[in-house]
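Okay, so here's just one chain, in structure tokens, the form predicted on its own.
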């Protein structure tokens, strides 16, 4: 949207003006549940899965009772085929019901995560440009992939076991009370012991998980930046520097992983130690009660079997809470992103035509916590005319473009079209009336046809597509390509030259048929031949349209109906080229020194009083 210098300055201010904004309050289980319930999991699926889990648990709970009867009244004559079939039947029911229940719960987990990713992607598409100024691309991608992956792992890999373990443990505990309530009360000793172990370990795991999520997002952002600008890295010989930065991130993630491993290493042994001590006590006390006749040997065996049906679930529950604390870091980040203020594309009236004067009244803008970038901006742009914006780099030209596109709202003053505030019209209808051509026209990975029709909510006829390409002087090189309009352009259009990308951008704007054209004029990136062709294509695009151009070429300034000279956030001069040469000393110096290309030297000399 601007020269590289101004863009860097622009983004830097945005990032400095705001902190991450995602390091707020700690997410608890309520936040996690709200996040899951907002994805609207199918209630019927949940009900069937829970019923099957209950059936599987019930079948498993019958087995110790049958075993008790065998032991207490065991004899070969009492052992009938029906007993064996019944026992085998319970095993089969437990296995089948458990397997299908696990499948349904895993399917439910995938549904929840898919819905969560859809919500997050919808949110990312609706977030304003200001959000992306504050966050690195890799960090945002990490929210979409890594963080949702952590939540997915918790739901699909651990939530299934957690649900079935809770049901099994509750059922076994109730039956233990019926067998021998005194021995069952001994089990309660384990609760405070386990809580004393799991709570501090869980808090430590949460802190480490949060740090890991932050470091992963930062690492992803760094990798994304380097790989997207790999040509700059190689041209600058910056491989050693970027290697060192990458290794720092890798080592930081390694240290966090080791810390997580240390905490995780305590969980299993601590739980196992508690359970084994409990098992020794139960067997010892149970043996005493059997020898005294207070309970039968079958009761003790059934008690131990039920105890095992509690011990195994408790281990799974402990693992679940360990993973749950890890997922809380991801939940915080996802929830914070989903709570960000988004653009409302539909709010406001529909702008049927933008062929009216565009006016700025007392326009001011500053990024949060920063000094004002624009101050007291007033202008009027007449329909069908060309307004050139010139001035030193960093003066606020790009920010003015951003306000015109409504990427930001003014901090004071207002923009109007035809006397009506722009804010009264919906973002969708306003932006549909604007065509924007950047210095280096951005292209998406895909074909030339995909990029020509990008953002157009209709399917242009082949003749219309070819006409736009012809007016943009893009038809010649397109027709020379083997696949013509179906040629892949590569990531960010890397397979095309700078001039070719510019002409694709111009053709796309022609297909959009805008009332207002915003143009950030390109010069230095193009060779002389490409520059001439691009200027001819821009002439076709500008014809009959209201055009606002950040001008870098003398010929554009000379032909403009109005020139606005922007310096340090203010309009310090306005008029035609001839008027400003006579009345505005800074513009005269700027025109002679900066609005010159080698082939415009003669034109520059013609206006040079020396």
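Residue numbers count along the first chain shown, from 1. Small disclaimer: the values here were computed from a predicted structure and weren't measured.
From this point on, the text means the form predicted together with a small molecule, which you will not see here.
Contact annotation: of the candidates 508, 333, 397, 326, the single residue with a non-hydrogen atom within 4.5 angstroms of the small molecule in the predicted bound form is 397. Proximity to the small molecule in the predicted bound form, taken as a non-hydrogen atom within 4.5 angstroms, holds for one residue of 131, 100, 219, 408, which is 408.
Figure note: of the listed segments 367-375, 535-543, 280-288, 340-348, the one touching the small molecule in the predicted bound form, with heavy atoms no more than 4.5 Å away, is 367-375. By the criterion of a heavy atom within 4.5 Å, residue 392 is counted among the residues contacting the small molecule in the predicted bound form.
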